[in-house]
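Taking the form predicted on its own, here's one chain by itself in structure tokens.
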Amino acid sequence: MSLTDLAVQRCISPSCGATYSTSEALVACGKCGSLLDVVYDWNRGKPPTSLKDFEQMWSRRHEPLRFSGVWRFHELLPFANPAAVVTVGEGQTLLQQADGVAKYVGLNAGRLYLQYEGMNPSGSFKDNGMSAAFTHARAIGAKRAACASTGNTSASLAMYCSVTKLMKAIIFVGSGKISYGKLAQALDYGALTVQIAGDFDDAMARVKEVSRDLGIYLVNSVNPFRLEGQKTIMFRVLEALRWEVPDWIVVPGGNLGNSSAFGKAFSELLELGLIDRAPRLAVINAVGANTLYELYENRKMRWDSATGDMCQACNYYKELDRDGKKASTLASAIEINRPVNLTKCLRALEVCDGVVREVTDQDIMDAKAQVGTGGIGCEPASAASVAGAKMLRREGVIAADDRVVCILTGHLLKDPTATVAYHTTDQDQFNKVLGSRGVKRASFANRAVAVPNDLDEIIKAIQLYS
């Protein structure tokens, strides 16, 4: 057993509060069905007395534990013994000051930062959580791991299985609901890929049942250990800002694992006295997959220290079923109607005085093009954070001089079809890929220039357009 005795799994409902050993693979409380947290006994452990203590880890980057951008912060997620962690070098990410994007959003120069998680080995933020989940799975002796996915989770799971040879990967995807860039990873890495008739929500329901019946380790973000790894995205943001807390964290909202993890990170840092305030949190839905926005902003559903009416979500889901409404957005990574981490996200919004917004696919693609001009390409879902920041700035919720961090969750090449369609001169291709999703214009298109195969004409074109 490679787990420490510093952690337990605990039901997030205070009225229940049931606890379980970390040696169990659980995705919900066995008594009340609520989600679980990984909770630490900080008095028995050795948490840092200052976040600056982590700076010394850079001198130990020859050690796999400290080279990892997740396990460099092991003292803040000490559920496993250091020698037993699973790492493939995840978390070597970049926080870039982006003045061009700041101008587009309406912020002053030097006030907008892009946290680029596309630099992870599988190309998305999922590697942060997968490293932690894999570490737990290995510790309890799991032989197979499964997930439902719109693409990024499957790519990450397949990669960890392929590189480590510790487990076999089983992936559930919905029909037509995964980009080729992501599907290619899962197939190339050797995962068993099961495509069902349905969308992500259908795939999520089935994978839960299969994992339960066959004893397969489930790595979706309903797994509390996944979120422990995703906490470290915020630790790296603080590290890049020399441990100063920004005013805003803006993140796309799909299954709501990131927003939930971020809230937990800041809650624990406050508890440990390592920060004196939490940033505000903005979670951005796509209009075509806007469950959180509908429940939080329109129906005023709140965590209220776990006293809020969670039945509002059940009632809303019944409405979705009654109307046959499925999630629909070109931002495939957040094309989810039933986010499994809804309650944890509501808690995070309370901790971080948060807001929720929805943006159109047009907003997303325009913001994505602006991110690209700065040299960091992102997948469509990532750009929801920038589109949301622009909306909040226009509303006056974010001030021009606020320090804002937008999370870019995945690499440009995760979904190149949308990018090419946005910039293309082929109207049919544009209409097929984007027009069908309500994108009417490519406001910032960088179109190819067609010229004859003639040197003089090529030189003229270059002189004209450059």
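Bear in mind the structure is a predicted one, so any value in this text is a computation, not a measurement. We number the residues from 1 along the sequence you see.
The same protein also has a form predicted in complex with a small molecule, omitted here; what follows describes it.
Which residue, Ala132, Ala148, Ala286, Ile249, has a heavy atom that falls within 4.5 Å of the small molecule in the model of the complex? Going through each option in turn, the one that passes is Ala148.
Contact assignment for the small molecule in the model of the complex, among Ala158, Leu107, Leu77, Leu256, heavy atom within 4.5 Å: Result of the distance check: Leu256.
Whether Ser385 contacts the small molecule in the model of the complex should be assessed with a 4.5 Å heavy atom distance threshold; does it? Heavy-atom contact with the small molecule at 4.5 Å: absent for Ser385.
Determine whether any heavy atom of Val219 comes within 4.5 Å of a heavy atom of the small molecule in the model of the complex, and answer yes or no. No, no contact at 4.5 Å.
Going by a heavy atom distance of 4.5 Å, is Ser68 a contact of the small molecule in the model of the complex? The answer is no: Ser68 has no heavy atom within 4.5 Å of the small molecule.
Using 4.5 Å between non-hydrogen atoms, is Ile336 touching the small molecule in the model of the complex? Flag for Ile336 set to yes.
For the chain seen here without its partner, which of 32-40, 394-402, 409-417, 53-61 has a heavy atom within 4.5 Å of the small molecule in the model of the complex? In the other structure, the partner sits against 409-417.
Taking Tyr113, Ala282 and Lys368 as a possible spot, do all three reach the small molecule in the model of the complex with a heavy atom inside 4.5 Å? Zero of three within 4.5 Å in the model of the complex.
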